[in-house]
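Single chain ahead, written as structure tokens, the form predicted alone.
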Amino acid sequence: MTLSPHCYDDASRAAVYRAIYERRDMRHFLPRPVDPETFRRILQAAHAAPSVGLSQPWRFVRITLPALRRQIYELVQLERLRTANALGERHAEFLRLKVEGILDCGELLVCAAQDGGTEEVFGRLSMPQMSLASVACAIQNLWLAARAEGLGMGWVSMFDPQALANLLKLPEDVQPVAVLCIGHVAEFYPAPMLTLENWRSARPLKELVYENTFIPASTDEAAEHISDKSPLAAK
């Protein structure tokens, strides 16, 4: 098969795939500051994300006050307990999991989405949730850039959105989406932490790809076209 004339060279392609496959949702951090220039670069990478109608609905709040960091941590702990109670028989198992690194990471960000209202209708008139999808793209860009820089990042979603919005004095049209822990790590997990902790295993790609309708193809048909092997597996 002839490669596209626009493709990167082998080493550059491998680097992109490496960042994708080695990215981890980190919860363990070293108490070391992040270099300001590196931090600027990864934020710029987030800002380069695609967005519906070029609306760029992401908003980042950098948390630099220790007392405010502690308040965010406490909000997360409240939601962690609520989540544990909702898990029934897995309550104790869940509470043993480490779900955040808020007090340890070098940088703490709150990523929020600003509602475009009636002004931003390009691509979201019938699908207003595309603003949230755009913010998720920015978060992913940030994650991959951080990994390429040797920094870990963890996405914390356990919080009451309104409580966090009140704490940060966000306008009514700005909704917090994620608390992002960024910083140096001793090592990156060799696999997703939830897999290492036997909480959940990832599903194979062939179970999640359909052709023409939402009726799954047979296992043989799927295997013929779809592989779960990482592009890095042979390297």
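Residue numbers here begin at 1 and follow the sequence given. Just so you know, these numbers come straight off a predicted model, no measurement behind them.
Absent from the display: the form predicted together with a small molecule. The rest refers to it.
Residues placing heavy atoms within 4.5 Å of the small molecule in the model of the complex fall in a single listed stretch, namely 25-33, out of 162-170, 25-33, 59-67, 42-50. Think of it this way: in the model of the complex, the small molecule has a heavy atom of just one of 85, 77, 129, 157 within 4.5 Å, and the residue is 157. Interface residue among 144, 133, 99, 109, judged by heavy atoms within 4.5 Å of the small molecule in the model of the complex: 99. Using a 4.5 Å cutoff between non-hydrogen atoms, residue 194 counts as a contact of the small molecule in the model of the complex.
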